[in-house]
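Below sits a lone chain in structure tokens, taken as the form predicted alone.
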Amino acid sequence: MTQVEDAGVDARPERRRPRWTPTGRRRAAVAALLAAALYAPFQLVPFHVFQLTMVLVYAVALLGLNLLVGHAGQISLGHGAFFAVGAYTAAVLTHGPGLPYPLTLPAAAVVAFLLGLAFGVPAVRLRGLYLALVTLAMAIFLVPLLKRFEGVTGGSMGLTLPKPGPPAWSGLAEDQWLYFLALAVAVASFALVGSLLRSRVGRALHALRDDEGAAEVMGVRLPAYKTLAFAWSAMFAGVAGCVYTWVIGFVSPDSFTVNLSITLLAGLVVGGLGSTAGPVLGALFVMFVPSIAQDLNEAAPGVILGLLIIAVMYVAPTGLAGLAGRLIRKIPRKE
């Protein structure tokens, strides 16, 4: 028997608790968030379920905008136009040919993708304010265009559509069924974008955002990736617009004015450019802050909204996602 054993001391090496890696913490947070999302519609009243559904819709739209602005370094003031194209594609196909709801989703995605591909061509030669003006022009002329083709779009009166009803086997109410449809689309969209950003395409987009000259020297084809960034961004906006049509059951040109594009961009900046949580936090901003501004001052809600944006950006220059990350890093960890 050794002296260490005689002294009653365990000679075996001390086992340390494995520390969570950032990836492990991120996965745990996503799992907890998803579990809460699955549980929420059974505990909330229908109106609050509707609000959460709209948050998911806006999160998908901002996911596409984040891909373009946050990861590719481009600018767009016309993202609401792609949102409207997806909404009207689903509405027209449902109202006219009577296309089943599930088929309107890929149709809206394809139409918005092709439109984004067409508008992505000017992005090859334009930058900064010039590119912003081109995208802004798209958002401006879309509303009069929708009103002009009254026979297809319903003109100023819009189109009223029946909402997708829950199947009998689900046992869900209509608001819960629409929520889960939006949740499924949002989860699939975030998974697709996450996979895209982890691939060679994501590295090329980040190189394009950081330094176009260096990216070109490294072999990144700038025209192709700039155009595709617009197309992918538009596609997710179109998907969000399609789900918006399912949830609201009505589309009108006045729902897709320039204010929508500006609000989406402001929401993304407030949420956090280039971050995973940015689109979700931005969607919460887009859904709730304008209504709060309206309640605070019915005469000038835009002034209140602007002041709220300034206050948030003063406290969190990198967005709410960046602020949350800094607060989490300040929490002392046990060794």
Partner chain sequence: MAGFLQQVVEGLGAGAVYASLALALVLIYQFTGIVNFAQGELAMFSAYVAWQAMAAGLPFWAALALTLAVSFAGGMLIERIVIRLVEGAPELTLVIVTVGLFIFVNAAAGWIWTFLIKDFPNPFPRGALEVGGVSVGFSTLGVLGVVALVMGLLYLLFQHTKIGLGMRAVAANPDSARLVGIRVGRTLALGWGLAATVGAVSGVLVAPLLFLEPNMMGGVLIYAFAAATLGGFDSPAGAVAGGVIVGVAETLAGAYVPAVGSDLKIGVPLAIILGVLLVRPRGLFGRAVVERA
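Keep in mind the model is a prediction, meaning the values are calculated, not measured. Numbering follows the first chain given and starts at 1.
The same protein has a further form, the form predicted together with its partner chain, not shown here; the description that follows concerns it.
Only one listed stretch (193-201, 144-152, 103-111, 219-227) carries heavy atoms within 4.5 Å of its partner chain in the predicted complex, and that stretch is 144-152.
Under a 4.5 angstroms non-hydrogen atom cutoff, its partner chain in the predicted complex has L129 among its neighbouring residues. The closest heavy atom approach of L305 to its partner chain in the predicted complex falls within 4.5 Å. With a 4.5 Å cutoff on heavy atoms, V49 does not count as touching its partner chain in the predicted complex; it lies far away. In the predicted complex, its partner chain sits within 4.5 Å of a heavy atom of V134. I140 is the sole member of L117, A188, L99, I140 with a non-hydrogen atom lying within 4.5 angstroms of its partner chain in the predicted complex. Comment: its partner chain is not present in this chain, but in the predicted complex one of A231, I75, L181, L260 has a heavy atom within 4.5 Å of it, namely I75. Each of V69, L296 and Y314 comes within 4.5 Å of its partner chain in the predicted complex, counting any heavy atom. Note on P317 and G70: their C-alpha atoms are nearer in the predicted complex, a change of at least 3 Å from this conformation.
Annotation: H48/A311 CA-CA distance longer in the predicted complex than in the displayed model, change of at least 3 Å.
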